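First, one chain by itself: the form predicted on its own, in structure tokens.
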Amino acid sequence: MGNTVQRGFLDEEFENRTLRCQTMMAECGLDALWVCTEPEVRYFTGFHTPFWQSPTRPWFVVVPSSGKPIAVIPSIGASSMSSTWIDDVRTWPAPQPLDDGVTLLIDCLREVAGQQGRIGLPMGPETHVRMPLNDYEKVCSTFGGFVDSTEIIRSLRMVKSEAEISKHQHICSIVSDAFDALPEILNTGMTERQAFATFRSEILTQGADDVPYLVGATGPGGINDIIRQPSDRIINDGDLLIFDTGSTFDGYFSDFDRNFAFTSATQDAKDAYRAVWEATEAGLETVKPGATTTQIFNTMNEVLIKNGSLGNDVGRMGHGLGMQVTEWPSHTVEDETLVVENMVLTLEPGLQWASGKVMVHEENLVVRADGAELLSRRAAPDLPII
């Protein structure tokens, strides 16, 4: 597939993110906001590297009440960070276990917020602090604590720009093409491990940058555990297959699954597939600005119950999607997040249709003024048979 989507972002993208953040900071009376995880650092700077796989070094970005963010990072990242829109890059030769950027970070926070300033730090669900606890306590004790800024980060990242959405559209198209190719590249007699490797290779061949998340399973007439690693089990006639992949393009994810049967399928399996497909249809009809994530959950769950669902103990039926394979919000019975334009969401109804047998279906969408716009290519309404 030809690459027609621009990589990276114009500086205007980061300027807009920072200004939106600073507006919310002012409303909360914050003098600075401090982030230290890969998605937040990348969100404000554009710093995109696989080096985050190494846990040795901490990385910090400080958003002042006005002006550009400031990067406080190990010197190994100075060149890459300096190539972003950020002007102020402060470094130290990490790792230095006795003072791994702590003094540099404290000095930066004191400079932009003052000793008595109010400093925000994400502390709530789906956030974490990526630095040693002892170092965090040193920073915390210096300023007497921080203000939970989870809602600022959550509000910013839940609503995507058109430039972000274009990346989601691109990777969802790539993965849709890879799923469409499955009947031609999989067959009985393969092991699960071979099938996984074949599918991963196909996604990359179609144009994905990476396939960091790929789970699924096969089973005789049904599947129970759908998130495990593949085994050396041989795929046989009558098996069901589910693949669920979070693949990336330029740091943005797709996350949807597809179900198949090999040679034949029972009527119960076909009915279960149809039930989750129809639940997804109901979810797509419900998604619109002004709805809530709980309404989306309830609408899909009602369809599943009518079709004989024995339960769904996963806890949610979809979630936000972005620079991480799962983001805020969650479609649950209690989440109640208001749906707004330009949210990128998944719908993921699942049911237990027999003892030890589950069926899960997932699609990706962006919320538009008139409702849901699919990003993934809609799955077939009937269980595909290879």
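In case it trips you up, residue 1 is the first one in the sequence shown, and so on. It should be emphasised that the depicted structure is a prediction, and the values quoted were computed from it without experimental measurement.
Another form, the form predicted in complex with a further copy of the same chain, is not on view; read the next lines as being about it.
Among residues of the shown chain, Pro55 is one whose heavy atoms approach a further copy of the same chain to within 4.5 Å in the model of the complex.
a further copy of the same chain is not drawn, but in the model of the complex it has a heavy atom within 4.5 Å of Asp225. By the criterion of a heavy atom within 4.5 Å, Ser161 is excluded from the residues contacting a further copy of the same chain in the model of the complex. When a further copy of the same chain is considered in the model of the complex, Met123 lines it closely, a heavy atom lying within 4.5 Å. Only one of 178 to 186, 107 to 115, 193 to 201, 295 to 303 lies within 4.5 Å of a further copy of the same chain in the model of the complex by heavy atoms, and it is 193 to 201. Within 4.5 Å of a further copy of the same chain in the model of the complex, a heavy atom is found for all three of Pro50, Leu133 and Phe253. Contact with a further copy of the same chain in the model of the complex, defined as a heavy atom within 4.5 Å, holds for exactly one of Gln267, Ser264, Ser141, Ser79, namely Ser79.
Gly315 is the sole member of Pro220, Gly290, Gly311, Gly315 with a non-hydrogen atom lying within 4.5 angstroms of a further copy of the same chain in the model of the complex. Contacts to a further copy of the same chain in the model of the complex (heavy atom within 4.5 Å) from stretch 207 to 221: Asp209, Asp210, Val211, Pro212, Tyr213, Leu214, Val215.
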